[in-house]
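In the form predicted on its own, a lone chain appears below as structure tokens.
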């Protein structure tokens, strides 16, 4: 799909209607507000291939696991974000002919996602079978200000006739998930209410018993005057609507305004849902569409004022980074510690919409640096709140004494991933959660979270690692058997270097963190040991594992081995593969993939990215040069890590190519799967590629360090970061670097290894 969407600085634009690309566009033009979101489904009927999807934060269903062979320890269910009741629907007829973009002739089509102001716009001319022609315009948004409300302005203009138009705005709770394991519908009706120009459907999820009231309110205007109508009130199970006719005049525009609301028991008392829903609809009506749209634009302006990244000289790169930032903010706002960031956000159903290790490994730094410490703490508290569930997950696998295994996939802290090589073996996820605690503490230099909550999590994870290794008499080392590293194109391997390294790093960091608490607050240290039933003997055992772990490497090549036996593989570079065989996961058998040398995403290189400060540059270079040619980048999480490392190694052109791949992964559909939804968590990797990659941002010597490089054909790029109560703006140009401290306190920073002092509200320029 490369080149399908028009390049534009602030908008994603589709200039022709294509049934072939429709499902992909439904993903690309998705909108949301952190509380709910929806795919860019058309309001009117569409009988072609479509994935109708609206999703409400926190509402999920435990779909019974479907596997061919049940194994002890398997989760009983896979948690799925639910396709929520549909409030956007507006059926439309022209002289009794239903408008359906799949069967009607569509011309002058344009769909536009306005990222600067936060709304979706669509216009088209539609010719009906009898030759009547209308112009349609739809503007829709999910409010960032009133987060339970969405709004639509739906314009219809007869172009070559005067005659009857029929409208049917509706709410439909008779929806289903496309990924349902047993073709089951997950909603039961509780009640429904329909009145002229408004109505509600209240539905309850099976098993989890979330209750959601979905409501609509509408009116129709011509020349800014509301038209009096007498709609017919219709209702069936899980469905309510109003149907009405108007006599329309040629070249006159008729505007149907429709407000929708989701109110859920996740946030409110069940008995108050309908009252709150009606109040929301009254609020929308009293404010009006234009006022709420202006408020939406103002709310987005605040986010862009600080969170924007500007690129001069590369329109494709500029559009892509703004798109990724936009989708990240639509998905997660940090307002609720019970919510997290699903790999598809509110844009599709693949992966269940649940929480993965992607949050800590890729998204955490984005929110810490752009949304602030409070939002980052919400992400940390999410995991702390689920610590007991992580301990229960480990107990199911035979671990004891408070050992904690955080889930690969979860909604409520309980593991719900049902592929054995992931559920039981991709345990490196524990390390990413420990790394986020370190990342936050290192970045902020605040220890309150670490001492009050983080040590609890580190203890559970460390106990898991200490029990997961075993002593090898043959090697006289601790080893870790039967794991899957970040490279999921190899399963059930022994001594995956990344897993072993991050496990012992976690043990080391835990010991150091307790020692820090002991030095700063001996009383609290003693209390914490008692609370966690910890002894210093346990620390000694952790340190013993750290000192004696087996880390496979080949000293002749100067590389760490992805796992034992990796060099037994036939090492054929990706460049020698037939392009027709890519992506491998869509053309090769799984057996062939597992026996190959090909790497789905950074594995050893993931570890070297996290712990760059613990290795010299030549070691990182040798490993990059060895592993990157074997990497197919068929995970959305892969290109960003390679881009950052390539920049660090001075491979700037390669870094740019990786950046463009990660930034335009969905817009250009590199992996041929965007119709299933966007890759939300990997979008944070786009931000990392610019800020940590081209911007060279690190934390060194207890302050922020910047070592920027500018891609060859860029004229400039700029970004902002929040750092310890300071707001810094970094502008990298061909002539040099401008750094501004937007704060009333001075700050010392490192710029290209030079320590400089920035006064309050001071800008300094460092020539290239």
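Residue numbers count along the first chain shown, from 1. Since the structure is predicted, the reported quantities are computational estimates derived from the model, not experimental observations.
In what follows, reference is made to the form predicted in complex with a small molecule, a form of this protein that is not presented.
Comment: the small molecule is not present in this chain, but in the predicted complex one of 415, 488, 349, 666 has a heavy atom within 4.5 Å of it, namely 488.
Out of the listed residues 410, 143, 393, 601, 601 is the one that sits within 4.5 Å of the small molecule in the predicted complex by at least one heavy atom. Note that among 631-639, 525-533, 129-137, 691-699, the stretch whose heavy atoms approach the small molecule to within 4.5 Å in the predicted complex is 631-639. Contact check for residue 656: no non-hydrogen atom falls within 4.5 Å of the small molecule in the predicted complex. Contact between residue 648 and the small molecule in the predicted complex is not found at the 4.5 Å heavy atom cutoff. Using a 4.5 angstroms threshold between heavy atoms, residue 148 stays clear of the small molecule in the predicted complex.
For the chain shown alone, residue 358 is a contact residue for the small molecule in the predicted complex, at least one non-hydrogen atom being within 4.5 angstroms.
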